[in-house]
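You are given structure tokens for the same protein chain in two forms, set apart as structure 1 and structure 2.
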Structure 1
């Protein structure tokens, strides 16, 4: 079939200009020593998840506004109003978890089966860089909804960066865009999440795949990683099919999860809340728990020294471990340290959950936070209630715009706020049209009630024409 296609005039024309047949040949006819296996599906599974993250991410970015006043409202809008918005947002959030899990399996497998051996040092390092980039994506993405848990978890995360000796304060200010968290923090996290890190990820995914193809598949654990001896099988069709089946199962599972249990959004971040207990995404829990052990003067060791040593060991691994032996049982040191680290992480994660459920004060606060999220999810979306009347509302009609001028000229804004949102000297006027019809409004403005006069509001003395304009402005405050 491929050869028939190759010999059409159009394909010859295209190939002479692009070399496309050579490329598809390279891509599909890659030899796999020992043949296709289900064990090899994780790397390409990651590519499929990346693709899904891009598609859902672009969709979310079309609605999202990265500012402290609007971010939460726009995410609420996606979650409660937009058709399939909650589904797509859930896909994106579950996708990030799936990415981390699949990445850990891929990394663990490469380590455990010694597939980093045999001239694969740079390939291994590009993988480690991709790993940290994905962790960076998870960290920067978590803040964007600007709800309570996003805000307080990121406050913790950036504070940890502040503990780094010498450059800590600078690092923290760089992430936050100042000393406090606000619109600049969101804007920086957004830029990192949609431009900087993804751009770098594309670069390294390209590098990683290129280097993988250059080194060739390492094959099963009893295979020589430099000069394979087992009978090879081509990547296409069997491995392609297996990869595809795995991707379908992955994406299908994510879709089912998103449909059955959509991701929630909590109430908007309230920086003055002193009770809120931040809890990170589950895959950060072991690290979160780990940091509890390193308070005060010892913090540097837990935050910088030990993670630094682990990272350095990982990078150095293919340089230190030069033997070509790949069977785990013949590499006791490597396998044993792998098992210890894995058990350690599982234990820390378990301990974090255990401490939360056994401390009554903590457990109570966490239940309260869950209830607040439920309550928030059950309230209807009302953009005007979120302190951002202009967000999705239509622009003012010409009359209302002129009326707004009358409103300002008569200093109504002094007590009722620039957009009628209210100040401490006067109530909000948003929705006031529901209270008074036109004639009643004229009456109450000409003859303010006792309460209004007590609040120092003078009778409104303007022409009938201005009065009509003013009222059309008041009616537009919804």
Structure 2
């Protein structure tokens, strides 16, 4: 079929100008020592997830505003109002976890199979750089929703950067755009997440693929990494089919998760909330737990020295392990070392959850935070209205004008401000009719919610006629 397509007049014309068939030949006819295997699908799977992240990220960026005032509202709008917005956002967030998992499997497989041997030192290092960039993407993207969890988890992360000797304060200020977290922090994280890190990832993905093609497939663990001896098999069609099946499984799994269990959004970040307990995503939990054991003057050892030594050993691995032996059981030191680190990370992640569940105060607070998130997700979207003098000055209907008098006579403007624009003592009421219908508004005015009562909201005890007039006025605040 490929040859028939290649011989068509249009494809011959295109090939003369672009060399497309030469590139296709290089891509599909690559020899694989020992033949196609399911163990080789993870690299192609990572490329698919990257493509998915790009597509979903572009859709999300169309609605997003990177400012402390509007970021949370725009993400809430995506989640609650935009058609398939919650699904796309969930696909993007689950995709980030899938990329971390697939990359860890790919890295572990390369390590255990000894695929870094045989003139593949730079290929290995480019893979480590890509791993660091993916972790950076996850970190910078985590803040963008600007909810409670994102804000406080990122505050902890930037504080950790401040512990680095000599440059810690400078690094923390660079990340935050100052001493505190705000719009400048969001702007910098957004630029890093959307432009700087993806651009660097594209560069190193291209470099990684080029170096892989240059060195060739290492083959199975009993193969010579420099001079393969086993019978090769072309990448097309068997390995292509395996990669396609794996990508289909990824598509189905991510889509099913996004549909059945959409990612939640918590309440807007409140920096003055001293009770909130930050907990990062699962792939950062081991680091979060690890840092608990290094406080005060010892922090530099846990934050810089030990991770730095581990990173240096990983980079230097192909230069230290020069033997061509690749079977894991014939490399006990390397295999055992990797197993210790992996088991240590799994244990630290488990330990973090275990400590949270066994501490009554912590467990109670975490349950409360979960309930607040669920309550927020169940409330209708309330648009963020800008106080436009032209809209506020618009003529009121006779009922709304009488309702405004009821509003003032009951001192509602004392907390909610003139024309319901809001004050420090009470939230704005502009757009409240989009959040509650008439019956719901009557109910909440007669019986304020706990959150309203905590904000000193008293029940509105007025006649049914005045209540209808008041609601008519509130409905006019758009």
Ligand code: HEC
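Positions refer to the first chain, counted from 1. By rigid core we mean the largest C-alpha set that fits within 1.5 Å across both forms. Because the structure is a prediction, the values reported are computed rather than measured.
Of the two forms shown, the one predicted on its own is structure 2, not structure 1. Comparing the forms between structures 1 and 2 on their rigid core, the Cα displacement of residue 31 stays under 2 Å. Positional change of residue 401 between structures 1 and 2 reaches 2 Å or more at the C-alpha, relative to the superposed core. Once the core is aligned between structures 1 and 2, the alpha carbon position of residue 456 differs by 21.8 Å; this is the C-alpha shift at that site.
Core fit done between structures 1 and 2; CA of residue 430 shifted by 3.5 Å.
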